[in-house]
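Quick heads-up: the structure tokens below are two forms of one chain, split into structure 1 and structure 2.
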Structure 1
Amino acid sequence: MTELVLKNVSRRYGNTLAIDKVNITVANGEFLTLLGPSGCGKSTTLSTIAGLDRPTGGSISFGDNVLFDAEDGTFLQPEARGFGVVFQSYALWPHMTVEGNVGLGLKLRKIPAAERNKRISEVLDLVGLGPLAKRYPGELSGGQQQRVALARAIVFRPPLLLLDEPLSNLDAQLRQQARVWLKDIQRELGLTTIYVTHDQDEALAMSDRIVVMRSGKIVQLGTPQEIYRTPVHPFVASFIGNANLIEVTGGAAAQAGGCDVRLADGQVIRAQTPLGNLNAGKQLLAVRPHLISCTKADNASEVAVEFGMENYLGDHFEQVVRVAGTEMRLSLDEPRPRGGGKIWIRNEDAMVFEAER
């Protein structure tokens, strides 16, 4: 089985670490997504895999081939790795036609013209651009350019496909369609894929597994369900699912399970900690806005709050409530009148993490 393995890969720029001891294993045929806010090191990670950037530490291997090893100085040039890459900017060569862009990889592999043309038209048909083969990139729409970029990356049948935010330059509607389309092609070809995005919906919808990154480090690695349902870090809870993060105090808890935490004004919330490992004192409570209810529920803590401003977001309202000197966002079908009121948070929806130091 060919597997991509990153071991302790680091990339240092002067004094800053763009990525810090990243460990990832990608299985054959898998769709793995790197997810995180801008500047967290996703593109850097992808570049080190493609060979476009040389890490400053660690090792990368693919199957039996060592691509990079800081110890003995091994570094396989990008052209020798042969991975397909789709750039965020598409990076189509403006002086070559669609055909020329797609065919260069085959030409460089010295594939005879007849075979080459067959493959080019095959792949252009696959991405639905057959009739546009003679056009130049400047004569294509954003969505079409993105398809050419994909065709160029898969035409030489790479063992690994790397995509850096390929949909981020498309408008919202096109992005939805392209997401489905891209996933179909990946599944059809059985391509091992690493996909970079900062869009949580994209990541949840497309991935077999997700790597959540922050400040150059991996925070959590798991299936979309695991990431969403059992975040292991408050950052994951807030980045995926927009959870409210509230500072609370609570007792020590070594094991995962139920626990009580106290808001600054003394109100107590029954919660659960997914990891345990809590020290007594400052802790962080994470609650997703749509899981907070304004009607009484079973197994739920009642919290007195002050209802504040609401925003209309089309299919729902987002309303701010003030409690114990901080704010929480609620997702509601109908806004509540401003002023004093009550909310209920179910015990299983309130997740407690150790406070960040």
Structure 2
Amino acid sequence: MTELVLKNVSRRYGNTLAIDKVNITVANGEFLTLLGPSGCGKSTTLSTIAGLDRPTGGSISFGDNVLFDAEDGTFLQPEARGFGVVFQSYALWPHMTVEGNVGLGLKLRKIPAAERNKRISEVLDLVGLGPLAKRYPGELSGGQQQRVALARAIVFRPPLLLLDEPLSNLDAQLRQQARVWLKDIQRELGLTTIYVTHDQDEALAMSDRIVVMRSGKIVQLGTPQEIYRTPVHPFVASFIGNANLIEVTGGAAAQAGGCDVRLADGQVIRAQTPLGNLNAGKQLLAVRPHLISCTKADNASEVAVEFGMENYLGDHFEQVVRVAGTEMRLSLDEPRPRGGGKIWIRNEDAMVFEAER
């Protein structure tokens, strides 16, 4: 089985540490997503794998091939790695037809014309662009250009596919469609794929596993379900699922991994502790907007709040409430009248973390 292995990979630019001792193992045929906000190091990590950026520490191997090793100076050039790469900018040659753009890599690899034409035809049919083979990029929509870029990356049958925010230039509807066919193609071809995005919906919908990054480091690595349901850090809870984060003070430990925490105004909420018992002092309570109820619920903490402004978002309302000097967001079918009121937070839906880790 061919695995991609990154061991303690770091990349420093002067005094700036862009990625810091990143350790990842990607299995054969896996779809792994690097997820995080701008500047977290996800694109830099992808570039080190592609060979477009040389790390300053650690090692990278793919199967039996060492791509980079800081200790002995090994560095395999990008063209020798043979990976397929698709960037945010599709970088298509405007003077070449669709089939010309797709087949350029095969031509440079001196693939015979008959075999080249066969592969071009197969891959264009795979991405649904067979009838557009003679068109030029300027005659295509953004979604079609994106498919050309993908076809060009997979036509030479790369052992690893690297995608750097390839859907970011598409509108919302096209992005949703593209997620489906891109994942279908990846599964059909069995391509080991590393995908970079800052879009949590893309990551959850497409990935076998997700690497959540922040400030050049891996915060959590796991399946989409693990990342969403059992975050190990308040940043993960807020970035995946947009959880409210509220500063609280820890109270007495409770059974089943939970504890009581106090808001600034003294109100008590029962919450789960995903990482076990917490130290005394300031902590962060994480609650997702759609898990907060405005009707009384069993095994729930009752909290007095002040209802504020609401926004209509199509399938739901988002309403702001003020509690203990801070704001929270609620996801509701119908907004509540502004002014004083109550909300209920179920014990199992609230998570508490140490404020600084």
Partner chain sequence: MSHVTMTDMPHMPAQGAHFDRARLAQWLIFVVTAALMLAPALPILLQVFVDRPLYAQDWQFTLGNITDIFRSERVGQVAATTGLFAVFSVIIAQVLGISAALLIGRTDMPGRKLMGDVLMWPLYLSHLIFALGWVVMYGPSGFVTQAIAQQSSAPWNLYSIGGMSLVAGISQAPLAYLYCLYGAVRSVDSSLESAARTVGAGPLQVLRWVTLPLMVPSIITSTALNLVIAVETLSIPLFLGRPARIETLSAFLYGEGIASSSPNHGLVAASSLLLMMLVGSTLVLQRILLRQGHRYETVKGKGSRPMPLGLGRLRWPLAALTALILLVTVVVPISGIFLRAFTTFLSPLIPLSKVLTLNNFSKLFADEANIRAIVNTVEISLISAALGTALAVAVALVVQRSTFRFTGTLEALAYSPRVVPGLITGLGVFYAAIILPPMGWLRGNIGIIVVAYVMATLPLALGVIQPAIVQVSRDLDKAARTVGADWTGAMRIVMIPLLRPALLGSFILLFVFHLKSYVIAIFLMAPGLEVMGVSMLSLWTNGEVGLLAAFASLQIVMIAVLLVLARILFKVKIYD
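Every residue number counts along structure 1's sequence, beginning with 1. Quick caveat, the model's predicted, so the values are computed rather than measured. Rigid core (definition): largest C-alpha set, two forms, superposition within 1.5 Å.
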{"query": "Chain form predicted together with the partner chain: structure number out of two", "finding": "1"}
{"query": "Core-superposed comparison between structures 1 and 2, T97 Cα displacement 2 Å or beyond", "finding": "yes"}
